[in-house]
Each structure stands twice: as C-alpha cells, then as structure tokens.
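The form predicted on its own is given below as one chain in structure tokens.
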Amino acid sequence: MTDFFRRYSRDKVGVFFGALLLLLYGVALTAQWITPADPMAVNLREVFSPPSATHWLGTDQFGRDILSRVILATQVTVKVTSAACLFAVLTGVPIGMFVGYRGGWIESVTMRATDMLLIFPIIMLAIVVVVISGPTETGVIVALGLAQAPQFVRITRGVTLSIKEELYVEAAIAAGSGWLHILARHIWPNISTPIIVQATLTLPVFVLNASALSYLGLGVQPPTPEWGQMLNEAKDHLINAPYLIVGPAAALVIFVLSANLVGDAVQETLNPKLKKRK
C-alpha cells in the first residue's frame, strides 16, 4: 500500500484530481452541516433570485437555494453511485470467479447470458430494472448495479482463467484444498488489481447513468435533489433563469472528470507498463 501511494504521488494530475474527488466525497459526508440554507425550504418571495451574496448560485422556481441543493445532491449522487458500484462488484466478481474456475456448462450458460446483457446499452437495462423496482434510491442502486455487473463477470472470469493455471493453484489442488478455499486464498488476491482498476474506471459511468435516470424522471424523486433532476428542471428556465444550470452541471462535470482521471492514474500506478508506453 505504501508503495502504491509513493508511485501514485508521482502523477501530479492524478494527485490533483484525486484531491478534488476526495473533496467531493467530503462534501457528500458533511452535506447536512455545510449547506448555507435549508435546501428544502420554499420561499415564494425569492423565486428566481439571481446569484447574490445571499444566494451564491441563485434560487429556483420555489425560492430554494441552489447552492444548498447542489451540495445535498452531491451527497445523494455519491451515495447512490458508490453503492451501485459496490453492488456491481459484489454481484459480478463472485460469479466471474466461480464460472472461470469451475468451467463446464455453468460457464457456457453464464457467459452467453452475460453476452446477451452486454448487447443492450447500460441505460436501457437500468431503465427496465428501475421501472420494475420503482424510482427510489434503492431502485436506482439495484438498476445501475445489475446493468454493470456483466462487465465485472466478464473481466473476472477472464483473469481467473489465467490465474487458475498457475503452479501454486495446482499445488493447492494437489494438497487437497477445496475450490472455495482456492478462490479466496489464491485466486482473489491475484485478480484484485484489475477489478479495482475496473471499479475506479466505471465510477463515472455510474454517475452519468444515475443523472440520466433522474433527468428522465426515473431516478431519485423530488423534493430530494439530484444533479440530473436539477438539470431537467433548469432546462425549462434557460431563458429567464440560465444560472440554474450552472451548479449541477459544474458538479457533474467535475465529478466525472475527476473520477476518470483518477481511474487512469490508478491504472497506470498498478500497471507501470502503461506508463512506459507514453
């Protein structure tokens, strides 16, 4: 771990955007205490107030402080997308390890089903699941997690196929170790690196899809703020209140850009060969 941070610290871009991503997570964890106003409070006297010293990003059609709502939306988005990413990993990785190690007809059936799911766009699968489960935070988490799980199944199965041919795995089998023990003690420690990289690179995909679902009205429901939902509301007021789009759009761009560049930096740190190609 110390060696990882030492090598990661050499990537100045990765360090900068890593700090930015940590700042966003810090905002998400402390959202209730750092909002300058009540993000749910309606004040019809201050409807569509432009940015000012009182309301830095202005107010919306209900007189609610936009900055406070962006801060609370950061908490909602980070919680939903992080939980969805964890759900995809915990669902896809065990399945990929099991079918990759055991093989046979189970592997064939699982991989054909995975290939079929990968044909469809992620957002389409997420829409189907969220319509069935309902447009709630839990529904969005399950929808995004299940939509991305096939990616983790395929990647995990691929690296498991190569690792199970190693001599130390064959030695463990000869010593009488069961398949569950081999997966936990020998396979997983040696395939964790590509899984971590994939999870990091997939995080911005979760953010974009969560915002897309909210934009379509299938995500977190009002009055709870979410970046995509706020963008959907802002598009109806681009002429009379264009400042409504600034806060959620900037937060979305910063999060996606930071997560992408941090994912690239982590990939280069864990695989130094990629750095040498540049």
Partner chain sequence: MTAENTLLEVRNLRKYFPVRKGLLQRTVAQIKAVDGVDLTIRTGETLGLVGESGCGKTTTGRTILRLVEPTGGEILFRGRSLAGDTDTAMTDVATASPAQIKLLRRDMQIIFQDPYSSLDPRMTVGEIVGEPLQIQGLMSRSERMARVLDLLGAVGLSADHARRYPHEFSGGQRQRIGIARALALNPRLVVADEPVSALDVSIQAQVINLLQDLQEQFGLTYLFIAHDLSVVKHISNRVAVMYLGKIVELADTRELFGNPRHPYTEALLSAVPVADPDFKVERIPLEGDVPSPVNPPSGCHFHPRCRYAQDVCRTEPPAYRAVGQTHFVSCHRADELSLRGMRSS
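Being a predicted model, the structure only gives us computed values, none of them experimental. Positions refer to the first chain, counted from 1.
Unshown form predicted in complex with the partner chain; subsequent notes refer to it.
Asker: Of the residues Leu146, Leu201, Ala172, Leu208, which one places a heavy atom within 4.5 Å of the partner chain in the predicted complex?
Answerer: If I apply the 4.5 Å criterion carefully, the residue I get is Ala172.
Asker: Honest question, do His181, His186 and Thr193 all end up within 4.5 Å of the partner chain in the predicted complex by heavy atom distance?
Answerer: Yes, the whole trio is in contact, each within 4.5 Å by some heavy atom.
Asker: Where, among 85-93, 162-170, 69-77, 125-133, do residues come within 4.5 Å of the partner chain in the predicted complex by heavy atom distance?
Answerer: This holds for exactly one stretch, 162-170.
Asker: Using 4.5 Å between non-hydrogen atoms, is Gly104 touching the partner chain in the predicted complex?
Answerer: So Gly104 does not count as contacting the partner chain.
Asker: Would Thr138 sit within 4.5 Å of the partner chain in the predicted complex, counting heavy atoms only?
Answerer: Taking the distances in the predicted complex, the answer for Thr138 is no, it never comes within 4.5 Å of the partner chain.
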